[in-house]
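Quick setup: one chain, the form predicted alone, written in structure tokens, and binding and motion questions come after.
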């Protein structure tokens, strides 16, 4: 089955249809089924130059379908010692290896298993890929009884299996919500990927952004003059739409706020319109802020690489905050930036004692929950502005929009931001509809392209993984006429655009602050006839 298949074929449940979904258990033991490296379901390996730049081991040319992956001669020793080190360093890793009773509560919760039917994409079995080696090498029962105790030998085929399935996990943690023991399968995926990195087994769609971010401050490798030009282009389009000329301060020392957003907001539609929304909002309220060319990207692909890479990339934001002398940091609509900050910041880089607790200069609200990281989410900031009546909003300008909201996994499950974006959407749109309760908030389905999986060569797996979310979108489209899906994550907006185009083509994807600015009545604006996409708005759009 390829991505050229029609949606009804892709979602067809029949064991006899080759490549199509079948959720019934197979007859063979999973340890006896070899990996099928099917094009469309794996990602291309990292290029040598990116591994060399970031100082990672075994840079070389290889491909997943090659018989020989050119692993180091002592690859088995490297893996075993790598596991030993991490079992000692991360208590959670040891606990997660020991306490799973294979109850199956997580089995049908993964979007990749639902959309693809591969048993090894059940979270319990994906973790077992690593746990079986742990049992064989680090438990007495496994050393003596081997397979009878759930252990197996570490072979090259196991490494290939790890590569295939640990890069079919978006680390979304939906399975963890349903685990009675609280096992975080995403942490197991992260450990599996870290071990693969010790052998130079990586994917390019993660390692190139990591190398770019380490070198230029953003995943796309945008140079300072390129960022300046991009923001100026945005200002031109804003002026055409609103008649108001906005400025985007860059590298300005002494500003009160450092604003950091994902690089997808600079170059990837529909994120570009979200970035234009930020600029309009900040101009309208007179926020004393600055962008940075050194910390131009808040996204952190280190989350998909290793704990060390995560720490190195997160550090640049705080180094720049210190250099520019700002008081606190405001972050844009991003996913992994917020999971890193909320779950790992304090133990990796923080607390940021040289900054002040974020306090809104317009409302006086002191965001005490950010007293350690000194950084708040843009939806928290904007919801507070709306609550205190600081924005002049005309939601009728979005009357052509019937919107639902996708809870992005990292800000939602990892950070608990559930109500602020909904409060904003209800304030700027007259037509808001929720998807079914078991698909939103902490139970939200993933976009299918997070954790470095959102590349085109992986298209079949992306479409299969995005099918559960698309099914919920189709439900509200058919029931309520929903035609817009809002998301507060750059990867989600980019990935869901493709997912909706395939599964629900009647629905387009938008950022929250794009809709905010389309409803914002700016001082000195001309009569609003078009939105930030230069399309008719409100009643004109409906006509």
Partner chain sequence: MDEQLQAKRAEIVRAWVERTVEMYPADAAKFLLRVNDPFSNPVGTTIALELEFLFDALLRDVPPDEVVPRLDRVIQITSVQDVGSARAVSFVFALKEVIRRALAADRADAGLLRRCLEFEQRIDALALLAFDSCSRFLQRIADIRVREAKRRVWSLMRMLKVDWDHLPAEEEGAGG
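Positions refer to the first chain, counted from 1. Computed from a predicted structure; not experimentally measured.
The same protein also has a form predicted together with its partner chain, omitted here; what follows describes it.
In the predicted bound form, does every one of 295, 304 and 420 come within 4.5 Å of its partner chain, counting any heavy atom? Verified in the predicted bound form; spot residues all out of contact, no.
Given that its partner chain is left out here, which of 210, 401, 428, 463 has a heavy atom within 4.5 Å of it in the predicted bound form? Contact residue from the list: 463.
Contact assignment for its partner chain in the predicted bound form, among 356, 343, 94, 455, heavy atom within 4.5 Å: In short, 455.
Taking 4.5 angstroms as the cut-off for heavy atoms, does residue 494 touch its partner chain in the predicted bound form? Looking in the predicted bound form, residue contacts with its partner chain include residue 494, since a heavy atom lies within 4.5 Å.
Would you classify residue 191 as touching its partner chain in the predicted bound form, given a 4.5 Å non-hydrogen atom cut-off? No, residue 191 sits far enough from its partner chain in the predicted bound form that none of its heavy atoms falls within 4.5 Å.
Though only this chain appears here, would residue 77 touch its partner chain in the predicted bound form if you measure heavy atom gaps against 4.5 Å? Contact with its partner chain, no.
Using a 4.5 Å heavy atom cut-off, state whether residue 502 contacts its partner chain in the predicted bound form. It does: once its partner chain is placed as it appears in the predicted bound form, residue 502 has a heavy atom within 4.5 Å of it.
Which of 267-275, 85-93, 370-378, 323-331 lines the interface with its partner chain in the predicted bound form (heavy atom within 4.5 Å): Going by heavy atoms within 4.5 Å, the stretch is 267-275.
Could you pull out the residues of 84-113 that have any heavy atom within 4.5 Å of its partner chain in the predicted bound form? The stretch touches the partner through 108, 113.
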